[in-house]
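Here we start with a single chain on its own, the form predicted on its own, put down as structure tokens.
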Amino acid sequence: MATRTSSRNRRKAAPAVGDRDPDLLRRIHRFMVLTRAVEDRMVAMYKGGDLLGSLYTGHWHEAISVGAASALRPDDYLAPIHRDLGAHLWRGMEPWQVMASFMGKATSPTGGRDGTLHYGRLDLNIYNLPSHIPANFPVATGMAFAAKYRGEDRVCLAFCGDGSTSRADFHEALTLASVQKLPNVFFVENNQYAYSTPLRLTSASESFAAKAAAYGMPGVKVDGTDALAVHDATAEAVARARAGEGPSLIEGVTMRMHGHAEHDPADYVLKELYEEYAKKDPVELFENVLLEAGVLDDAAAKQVREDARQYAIAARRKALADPMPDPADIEDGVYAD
């Protein structure tokens, strides 16, 4: 559920679960479960030495990545970050391709030119994520500007973390998008730590959503473990952008339940925070919502989890068998033709 709305954007009351499209609800659940299964498998792969470098995951970000992506059309643009595997999967990227990226395989989206998470699929309208977040925000404003310039009603949804909001490119992107009334939706994934720096040392604002007022756009803060709250807030912002009314800012509050990456033990995180959010697993919470509403039953939920587990196992098997890049092709793709 939404925890608070800004004074600039009084949101409509959310429809009851029983009044929503059950196929959409089941699809959101399926991709949240799949996201968790794939990332759990990749954690095992990292610990088993299958991956070339470290691994960045989005445990407890599933409601944000899937819930937000589910509010877009396939032809809308997406500029995700390293916590948003669910958004990639929702768009159609295969789990084995993500695993192949972390293994530097020739079948990865970068053809093995990168061994970590800098993957995207322009054919799926997914921009390759950069290391320095929110460097994807200025690109997102460019994609939105291009859509507006061409007279298209496409929207660009871009994600960043809470620490990213302290950077200049966050300010520049939101300023430009607001002045130009671009069809952007900016989503701040507030997981309470900018790597090892706690929230109290990165922002003195009451919330990140409150910063929207400075840019003249609506801002809304939602529970980032609540898939429906995320979906509803994003859908409202997307509708506003598509109607030509300009950008919006959404803050989703969750907790990063693994380290910044798997090499990071995150022993700087307060034990109380882990204990609090251990009770707020977004995948379990959403599954319980659907069970209580009769959209799922226990047998169906169990089957979804088993299908996801087997899918992740098969993805690992394929990624392991895929070839490494041919050294003879090393200069391919360096320059545009």
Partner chain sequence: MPTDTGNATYLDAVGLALDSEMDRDPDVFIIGEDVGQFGGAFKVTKGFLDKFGPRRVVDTPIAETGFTGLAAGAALVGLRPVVEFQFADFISCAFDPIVNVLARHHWRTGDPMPVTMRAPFGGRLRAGPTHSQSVESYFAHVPGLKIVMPGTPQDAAGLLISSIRDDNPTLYLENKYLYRRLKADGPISLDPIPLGVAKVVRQGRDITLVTYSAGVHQGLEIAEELDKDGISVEVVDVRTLVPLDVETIVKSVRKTSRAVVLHEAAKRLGYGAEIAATIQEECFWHLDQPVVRIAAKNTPTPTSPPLEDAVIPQPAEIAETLRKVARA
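Since this is a predicted model, take the numbers as computed values, not measurements. Numbering follows the first chain given and starts at 1.
The form predicted in complex with its partner chain exists for this protein as well; it is not shown, and the discussion that follows is about that form.
Tell me, out of A135, A106, L199, L124, which residue has a non-hydrogen atom within 4.5 angstroms of its partner chain in the predicted bound form.
Selected residue: A135.
Of I250, C160, A241, M143, which residue is found within 4.5 angstroms of its partner chain in the predicted bound form when only non-hydrogen atoms are counted?
Exactly one listed residue reaches within 4.5 Å, namely M143.
Within 4.5 Å of its partner chain in the predicted bound form, counting heavy atoms only, one of 227-235, 162-170, 255-263, 85-93 shows up; tell me which.
The contacting stretch is 162-170.
At the 4.5 Å heavy atom threshold, is V179 in contact with its partner chain in the predicted bound form?
Because a heavy atom of V179 falls inside 4.5 Å of its partner chain in the predicted bound form, the answer is yes.
Is R150 close enough to touch its partner chain in the predicted bound form, meaning at least one heavy atom pair within 4.5 Å?
Taking the distances in the predicted bound form, the answer for R150 is yes, it comes within 4.5 Å of its partner chain.
So in the predicted bound form, does any heavy atom of D114 sit within 4.5 Å of its partner chain?
Contact with its partner chain, yes.
G216 versus its partner chain, in the predicted bound form: is there a non-hydrogen atom within 4.5 Å?
No, G216 stays farther than 4.5 Å from its partner chain in the predicted bound form.
When its partner chain is placed as it is in the predicted bound form, are L34, S54 and A293 each within 4.5 Å of it, taking any non-hydrogen atom of the residue?
Checking in the predicted bound form: none of L34, S54 and A293 is within 4.5 Å of its partner chain.
Could you list which residues of 225-244 come within 4.5 Å of its partner chain in the predicted bound form, counting heavy atoms only?
Sequence-ordered list is empty.
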